[in-house]
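Here you get one chain, nothing else, as structure tokens; it is the form predicted alone.
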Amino acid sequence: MSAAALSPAPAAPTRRDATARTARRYGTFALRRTGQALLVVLLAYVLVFLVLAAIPGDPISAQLENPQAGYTEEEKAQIRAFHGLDRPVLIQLLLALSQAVTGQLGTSLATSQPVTAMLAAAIPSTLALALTALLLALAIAAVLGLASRLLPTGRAGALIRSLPAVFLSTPNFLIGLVLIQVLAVQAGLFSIVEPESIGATLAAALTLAIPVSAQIAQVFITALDEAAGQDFAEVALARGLPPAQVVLRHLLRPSLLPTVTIVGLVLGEVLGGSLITEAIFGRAGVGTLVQKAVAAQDVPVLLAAVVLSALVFVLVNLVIDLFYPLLDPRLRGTEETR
């Protein structure tokens, strides 16, 4: 008998080995996605900085060149040097990047206040508005999606399926004005002069949530319809399971994958819509800060606000990318081999 025949056979891989291998591959995938997200934020910062630097004019130059200001040439040079406007654009970019890494976003050209402090004062209001709007949008989309499957086919079902298109075609500002007229003026549920109150925040969030929920609901309804046409759904119905149980136990999970994707995509609309919504309801948030910065050509504030929005958008999509393989184990192998 040969030595090869006498040698012990290699041990079969255990469940623990398979779990460890999967964890290592997922860790590599997570690190790669995180690196890509950081690169996107860096490129967004550089691109926005160069675009804003190419725009002529700024409040400092306008103030210095005003004959009534009475600045001497030496004073003008000192002020320009303080704000770094006397250096080449690439040097300004490198200095701004080095400061941004440490959390220093420069000084406002219009108010001479630290941009970090201005954002810190504006973020809580916008964050409360955006999170409340996103939760309301998810709730509305979930109700519309589940109702489209659970309600009997007919006028009620057709009405539910038509609501997302109606919500999507209605302008944001029109929804806000209607809610102010109905809820504040006629019903008196909140006061217009108190935009940060709970009632005003809910009304503003609902203004932002209605058009956003339409996109999520459309994808959710389509995903539920596709899942309902699969063999496993027909088998579940043939077994006599109630429709609600079939939807919750068999249709909901496969429908979450495209729905989660659209949630990450509509986040940009939530952030962009906050500017209009804050203007309608008189809220002092990031949107109002950006509006004033655009009017004053305040480049550091605009740069910080735009990059902050890009950072939030990239982080949310990164979380969704990392959550995808956990939601559907079938995607782990596909993602890990890329």
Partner chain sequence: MTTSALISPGPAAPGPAAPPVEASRLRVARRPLPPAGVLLSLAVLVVVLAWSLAPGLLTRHDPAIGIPDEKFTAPGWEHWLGTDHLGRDLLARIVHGSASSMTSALIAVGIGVVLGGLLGLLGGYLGGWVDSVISRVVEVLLAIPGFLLAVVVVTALGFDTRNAAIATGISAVAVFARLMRAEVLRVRTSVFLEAARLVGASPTTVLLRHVLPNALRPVLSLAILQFGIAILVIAGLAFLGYGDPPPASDWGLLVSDGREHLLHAPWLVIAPGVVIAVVVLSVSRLSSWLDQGRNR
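Here the structure is a predicted model, which means the values were calculated and not measured. Residue numbers count along the first chain shown, from 1.
From this point on, the text means the form predicted together with the partner chain, which you will not see here.
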Discussion item. Which is the contacting stretch out of 177-185, 86-94, 135-143, 111-119, given heavy atoms within 4.5 Å of the partner chain in the predicted bound form?
Written reply: 177-185
Item to complete: Sort through 131, 165, 198, 77 and report the residue having a heavy atom within 4.5 Å of the partner chain in the predicted bound form.
Response: 165
Discussion item. Counting heavy atoms only and using a 4.5 Å cut-off, do 43, 51 and 290 all touch the partner chain in the predicted bound form?
Written reply: yes
Worksheet item: Should residue 219 be classed as touching the partner chain in the predicted bound form when contacts are defined as heavy atoms within 4.5 Å?
Response: yes
Worksheet item: Can you check whether residue 314 is within 4.5 Å of the partner chain in the predicted bound form, heavy atom basis?
Response: yes
Discussion item. Can you tell me whether residue 306 touches the partner chain? I mean in the predicted bound form, with a 4.5 angstroms heavy atom cut-off.
Written reply: yes
Discussion item. Using a 4.5 angstroms cut-off on non-hydrogen atoms, would residue 31 count as touching the partner chain in the predicted bound form?
Written reply: no
Fill in: Interface residues of 269-289 toward the partner chain, as seen in the predicted bound form [heavy atoms, 4.5 Å]
269, 271, 272, 275, 276, 279, 280
